[in-house]
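Only one chain is included here, represented as structure tokens and corresponding to the form predicted alone.
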Amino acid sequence: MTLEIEGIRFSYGRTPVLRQVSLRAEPGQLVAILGENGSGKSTLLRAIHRLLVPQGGTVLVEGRAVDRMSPRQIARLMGYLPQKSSEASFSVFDAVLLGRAPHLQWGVSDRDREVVLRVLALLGLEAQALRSVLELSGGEVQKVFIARALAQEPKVLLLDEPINHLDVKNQIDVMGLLRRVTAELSIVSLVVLHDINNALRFADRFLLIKSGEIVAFGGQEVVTPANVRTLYNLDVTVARVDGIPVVVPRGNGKADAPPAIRIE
């Protein structure tokens, strides 16, 4: 399903956080949202999901206005993973089953169990199904949270910094997983990231945002040294390694290093 965001505006009191944000994403696309801390990235995800009510603009999923949907209807269309998700002593199966809540009627059905098993298989978690979430590694826990969101059978997946606290290997594993399931399930995934190079490696489209305004939106061509400097006030070079764009900060950082502290 196509996701269209048109002129979203949001303010905390008199402080504007989002200013006329618009984008369009097609099924199968993973969109990386990039920008410095406080630029409005997380607020944008929450506004799309109606956890925050925008002061203006519209969000459309396949032409349907999200602001006319009930919370239950939204939960059936969108899976949301916040920056921090609480771990509990559930089994992996039960933790993922919680994602079926928007679909439950009078209890857990055979279809609910089938969806959970299918998602566990998709993410390679079948062997962990009966283990406690508390026994898992950080990368495995994050996969469980993603599986829970996918168990909602969403058309749109909203992920806020899903790899922020993972080591390099798990970052690559989780981003590769997200790219694969986005394509295989033909959903739209919007992912807030801090690592530009992981974004360039795995995303199809890039939303560059600063102070609540769009700097650029498009393919890899929008991740330019000029745009990166606008986002982060950082001079970089964009090179290619094995055909993959890589952003490298310029200089060795020594010129800007603070003077050594002498202790006597």
Partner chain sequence: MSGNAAGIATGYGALLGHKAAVAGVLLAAVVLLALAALAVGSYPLSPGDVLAALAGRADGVTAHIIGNIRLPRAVAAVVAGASLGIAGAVMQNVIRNPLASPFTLGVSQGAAFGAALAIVSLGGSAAKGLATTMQAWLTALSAFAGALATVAAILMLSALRRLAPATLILAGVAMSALFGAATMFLQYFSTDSQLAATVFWTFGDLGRAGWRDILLMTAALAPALAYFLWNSWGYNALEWGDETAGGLGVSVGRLRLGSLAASALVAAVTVACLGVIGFVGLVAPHIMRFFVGDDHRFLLPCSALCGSMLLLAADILSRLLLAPVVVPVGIVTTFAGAPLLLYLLMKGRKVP
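Residue numbers count along the first chain shown, from 1. Note that the structure is predicted; figures quoted are calculated from it, not measured.
The form predicted together with its partner chain exists for this protein as well; it is not shown, and the discussion that follows is about that form.
- Here is the short version: of Ser91, Ser186, Asn170, Asn164, the single residue with a heavy atom within 4.5 Å of its partner chain in the predicted bound form is Ser91.
- With the partner omitted here, the stretch from 219-227, 61-69, 48-56, 27-35 that lies within 4.5 Å of its partner chain by heavy atoms in the predicted bound form is 48-56.
- No residue in the set Leu122, Arg179 and Ile196 has a non-hydrogen atom no more than 4.5 Å from its partner chain in the predicted bound form.
- Interface membership of Gly139, defined by any non-hydrogen atom within 4.5 Å of its partner chain in the predicted bound form, is ruled out.
- When its partner chain is considered in the predicted bound form, Arg148 lines it closely, a heavy atom lying within 4.5 Å.
- Using a 4.5 angstroms threshold between heavy atoms, Met78 counts as touching its partner chain in the predicted bound form.
- Its partner chain in the predicted bound form comes within 4.5 Å of no heavy atom belonging to Met175.
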